[in-house]
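First, one chain by itself in structure tokens, the form predicted alone.
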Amino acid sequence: MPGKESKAIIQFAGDEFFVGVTPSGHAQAIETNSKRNLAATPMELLLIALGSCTGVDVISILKKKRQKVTDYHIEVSGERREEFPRSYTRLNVKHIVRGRGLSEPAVARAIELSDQKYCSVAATLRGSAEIVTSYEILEEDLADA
């Protein structure tokens, strides 16, 4: 039984620009001239998609586990093939979590659950690129608060 279909519309805007409109109606400028660098390229958007997908999961899981997260960001980098198609062969996803008294097992499990079970973008990409996750936990000083 097929799942629900989502449809984005990508409109050519001239001069190597496109405007993508998401299924929910949000517009995104897209640049295909990476030397000009006036908007995100499709491959850059893929990195953001992976990072934001896993980030939503991880922060939600940590909140449910009553972890006191004060700052969180994800660094996503990719290694691409030299020949065409210049697809990603490896994606590195590093979670940097700052908080008070964070449980390392809770952070590790949240990341694992996102990576292996919940993140649809990771599941979509996994067949064509290796996804390597790592994390860093930073303890928040009371003086920093």
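Small disclaimer: the values here were computed from a predicted structure and weren't measured. Heads up: residue numbers just count along the shown sequence, starting at 1.
Below, we refer to the form predicted in complex with another copy of the chain, which is not included among the displayed structures.
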Contact at 64, 105 and 132 by another copy of the chain in the predicted bound form, all three, heavy atom at most 4.5 Å:
no
4.5 Å heavy atom contact, residue 79 and another copy of the chain in the predicted bound form
yes
Another copy of the chain contact in the predicted bound form: residue 68, any heavy atom under 4.5 Å:
no
Residue-level contact is defined here as any heavy atom of the residue lying within 4.5 Å of another copy of the chain in the predicted bound form; does residue 110 satisfy this criterion?
no
So, in the predicted bound form, is residue 121 in contact with another copy of the chain at a 4.5 angstroms heavy atom limit?
yes
Out of 12-39, which residues reach within 4.5 Å of another copy of the chain in the predicted bound form, heavy atoms considered?
12, 18, 20, 21, 22, 23, 24, 26, 28, 30, 32, 37, 38, 39
